[in-house]
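As a starting point, one isolated chain is supplied in structure tokens, in the form predicted alone.
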Amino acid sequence: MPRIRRTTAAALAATAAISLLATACTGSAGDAASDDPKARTTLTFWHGWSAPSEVAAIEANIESFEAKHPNITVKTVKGITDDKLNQALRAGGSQAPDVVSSFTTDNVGRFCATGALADLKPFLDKSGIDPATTFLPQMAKYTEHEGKRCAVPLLGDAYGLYYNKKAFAEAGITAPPKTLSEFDAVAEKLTKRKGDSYEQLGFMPNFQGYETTFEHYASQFGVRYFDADGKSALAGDPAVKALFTWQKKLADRLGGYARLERFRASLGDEWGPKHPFHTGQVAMQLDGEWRGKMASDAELDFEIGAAPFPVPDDQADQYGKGYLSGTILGIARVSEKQNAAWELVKYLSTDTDAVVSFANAIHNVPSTQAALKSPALGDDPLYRTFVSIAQHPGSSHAPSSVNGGAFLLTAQDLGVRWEAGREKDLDAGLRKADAQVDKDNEQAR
């Protein structure tokens, strides 16, 4: 399942809600985990999946867990957003969840810093589980903050390049591009203009396009976001300026921001059958592993391929990497059943059969080393491309922050202003963005 993109205002509102938890969440996991995990009990598990196939898949794993732990009954609540989750964690009480999952990987920093989710280190240690060797290293990294582990990964998403093989063949393109200079040339060659619009667009580069956000591009450039002191480093990072410069030049090469925006406004919904990649209106798409399954279900009249997204020419040896994110799983700090809750968290996140069956069912990337090596893992070539991207040592997620993902949205907003021509001085814009990020982080602390 992809990360849900949100506006700056919504993200800041969610961050503010999480920050209120700090006054109510104190102490350590150890002093609250006094329940007997072998006693008969009922756990409440809140998750964000809502599609029938997804809900059925998680329910199947819950049933398997209950069969192995007959003393524990799990009550699931589907379709939970982070806003609802934050409210419940703040309020506590008998209706609050014991185990929670979130699609918003960027919120790990806030969840850990405020104590909204319990510290899982005592539980992991007691179970003899080393996150660094159990989980994919990059996924283990994005589920902790400043050395505190308040979450574990529950499947992941890897991003790469989908391409229309029919369009490639018609344009005489024999292989997917590996560097951005190759990519730009291919995108232009695939573009067929029609009046002030397009019959076919090679690629939609605009920051408000489907999945073409600053954060998703940044992994290919190696953006570092913060310096050693934790201060925002956008203005001083050459990779950031290179990203913005490349994106704008590509947009200009394909017809310019205004033309691209008009075309973007006419395109079908990202999650519906009229997705522009499905309809052939866009020939290449930056997207996650789930897109292959959605394209298959849509029964397209052309064959598609998948490959890692290209990298800057001076990083050609890093080809194969991509942006990573994923669902996180944790125990509510307010839960009075943390030992029993850990049994569920441990099962869902580390049991190989559970992880593989769930990954196959919802077409996500497994988050454990054992599951990635399992012969039962799906072998569809498109899907396996993203499994490989996830395992590339250069693949990454943005660093965790005490202010959640607000710093990413500040960079994204600058990108939108820059591509539209509303930000004339990129260097000045980057300095202003740094100042805003530092101010927001200080307030969050």
Partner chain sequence: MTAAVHAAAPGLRARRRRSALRTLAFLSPWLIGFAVFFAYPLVSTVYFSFMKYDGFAPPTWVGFKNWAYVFGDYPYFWPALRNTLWLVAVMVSLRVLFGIGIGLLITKIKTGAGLFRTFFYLPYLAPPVAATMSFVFLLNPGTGPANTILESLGLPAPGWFTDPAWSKPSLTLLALWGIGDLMVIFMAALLDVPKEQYEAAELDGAGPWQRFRSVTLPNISPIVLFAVVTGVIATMQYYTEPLVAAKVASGVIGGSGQQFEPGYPDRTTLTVPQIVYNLGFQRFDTGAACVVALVLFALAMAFTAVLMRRRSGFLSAED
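Note that the coordinates shown come from a computational prediction; the quantities given were computed from them, not determined experimentally. Positions refer to the first chain, counted from 1.
Just so it is clear, the following notes concern the form predicted together with its partner chain, a form of the same protein that is not shown.
- When contacts are defined as a non-hydrogen atom within 4.5 Å, none of S219, T352 and Q369 contacts its partner chain in the predicted bound form.
- Taking non-hydrogen atoms only, A175 never approaches its partner chain to within 4.5 angstroms in the predicted bound form.
- Among residues of the shown chain, A116 is one whose heavy atoms approach its partner chain to within 4.5 Å in the predicted bound form.
- In the predicted bound form, no heavy atom of E303 sits within 4.5 Å of its partner chain.
- The closest heavy atom approach of R110 to its partner chain in the predicted bound form falls within 4.5 Å.
- Only one of K231, R193, K274, R262 lies close to its partner chain in the predicted bound form, with a heavy atom inside 4.5 Å, and it is R262.
- For the options F214, W342, F103, Y198, the residue carrying a heavy atom within 4.5 angstroms of its partner chain in the predicted bound form is F103.
- The stretch in contact with its partner chain in the predicted bound form, judged by heavy atoms within 4.5 Å, is 254-262, chosen from 128-136, 304-312, 254-262, 369-377.
- Within 4.5 angstroms of its partner chain in the predicted bound form, the stretch 430-445 places a non-hydrogen atom from each of Q436, K439, D440, E442, Q443, A444, R445, taken in sequence order.
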